[in-house]
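One chain follows as structure tokens, the form predicted on its own.
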Amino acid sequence: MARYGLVIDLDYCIGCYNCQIACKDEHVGNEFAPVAKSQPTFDHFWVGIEEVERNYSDSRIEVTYIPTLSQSKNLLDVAKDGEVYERPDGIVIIDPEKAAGKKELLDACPSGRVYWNEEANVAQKCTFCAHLLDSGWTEPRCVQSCPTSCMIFGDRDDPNSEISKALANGTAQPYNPNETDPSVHYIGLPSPVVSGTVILGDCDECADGAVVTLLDKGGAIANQSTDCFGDFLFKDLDVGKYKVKVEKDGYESNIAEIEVESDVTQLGDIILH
């Protein structure tokens, strides 16, 4: 039997909210016993969209859109009476009858993507549209609705499946490192970065084409040329100490020691003389 999973490539997510709308369309006003009761119209987002805005320089601001949904097995740790169970295909389901009144399930999801349905008196979350998969569908509504195909759904145990290949390259990560054996992973989650702008001191202009090298204690690990705004950006770094070396013909090189933090380490203007 398939063991379902989902990989979301954030480099292709455009923040269109189609996945969230499709989830609402499928679950609001519809009950799919024994998988889930109807999703409330408001406040519940079984597929949520987190917008992370990062300011790299005066001329460069990027927004990363992160569709978030829970298939966390952490809920199984607090479920003592079968109110949460894992199906043979790996989908974690909150039983809409047995879980009635058990609000403690909300705190069991590290990503905070379990919601409380006041009217039904039960915790609810993404079901991977299990009712559709059971009827022959090959993917949930959120995946089916994505215009950029940034969502890769399938059998994690099939080495030939697209999701298995995406997981095998090692770049996919869970949304929250505290999730137990998550079946949802992401490519391109916001990670520590270093950014800066190189300025030519003699003319006070942006240094287009300056060579910027990033070094750690082992030597050079990456290099790039500044763009027409003099900007450079190194992504996917580890927290720690580095050196940044900037070079351009006709100017003295500039070397700075930096401490990379967990978000954006912005060096500001680097002047070449």
Partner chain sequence: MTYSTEGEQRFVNCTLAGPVEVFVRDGKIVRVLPLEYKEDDAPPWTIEARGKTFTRPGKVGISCWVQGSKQMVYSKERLLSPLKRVDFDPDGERNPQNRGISGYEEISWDEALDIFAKETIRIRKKYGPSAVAVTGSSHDSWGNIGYRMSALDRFWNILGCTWIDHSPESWEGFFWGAIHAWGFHWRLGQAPAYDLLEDTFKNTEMIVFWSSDPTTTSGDYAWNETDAWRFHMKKLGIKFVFIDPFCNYTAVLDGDKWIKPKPGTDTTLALAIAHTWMTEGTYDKEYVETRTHGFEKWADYVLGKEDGVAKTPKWAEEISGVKARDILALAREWGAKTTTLAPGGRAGMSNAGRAAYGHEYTRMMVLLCAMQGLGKPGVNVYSTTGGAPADWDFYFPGYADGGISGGSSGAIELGPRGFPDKGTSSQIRQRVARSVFPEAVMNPPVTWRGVYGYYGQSAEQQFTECKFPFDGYSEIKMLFRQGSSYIGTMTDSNRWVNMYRHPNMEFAVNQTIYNEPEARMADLVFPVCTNFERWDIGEWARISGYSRHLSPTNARVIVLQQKCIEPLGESKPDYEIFAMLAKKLGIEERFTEGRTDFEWAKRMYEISDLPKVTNWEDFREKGYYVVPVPEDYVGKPAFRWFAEGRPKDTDDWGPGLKDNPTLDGKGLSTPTQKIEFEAQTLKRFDPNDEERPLVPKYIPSWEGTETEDLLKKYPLQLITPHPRFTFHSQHDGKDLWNEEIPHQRRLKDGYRYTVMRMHPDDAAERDLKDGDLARVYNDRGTALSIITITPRMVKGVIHSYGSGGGYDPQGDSPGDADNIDRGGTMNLLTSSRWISKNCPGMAPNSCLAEIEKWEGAE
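Numbering follows the first chain given and starts at 1. Quick caveat: nothing in here was measured; it's all calculated off a predicted structure.
Absent from the display: the form predicted in complex with its partner chain. The rest refers to it.
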* Structure fact -> Answer among 66-74, 239-247, 213-221, 24-32 for heavy atoms within 4.5 Å of its partner chain in the model of the complex: the stretch 24-32
* To do: Answer with yes or no whether V143 is in contact with its partner chain in the model of the complex, where contact means some heavy atom within 4.5 Å.
  => yes
* **Heavy atom of D134 within 4.5 Å of its partner chain in the model of the complex** => yes
* Using the partner position in the model of the complex, report whether Y251 sits within 4.5 Å of its partner chain, counting heavy atoms only. => no
* Can A256 be called a contact residue for its partner chain in the model of the complex at 4.5 Å between heavy atoms? -> no
* Kindly confirm or deny that I14, Y17 and E62 each have some heavy atom within 4.5 angstroms of its partner chain in the model of the complex. => yes
* Answer with one of P147, G101, P88, G112: the residue that has a non-hydrogen atom within 4.5 Å of its partner chain in the model of the complex. => P147
* Taking only heavy atoms into account, state which residues of 33-62 are within 4.5 Å of its partner chain in the model of the complex, ordered by sequence. => A33, P34, T41, F42, D43, F45, E51, E53, N55, D58, S59, R60, I61, E62
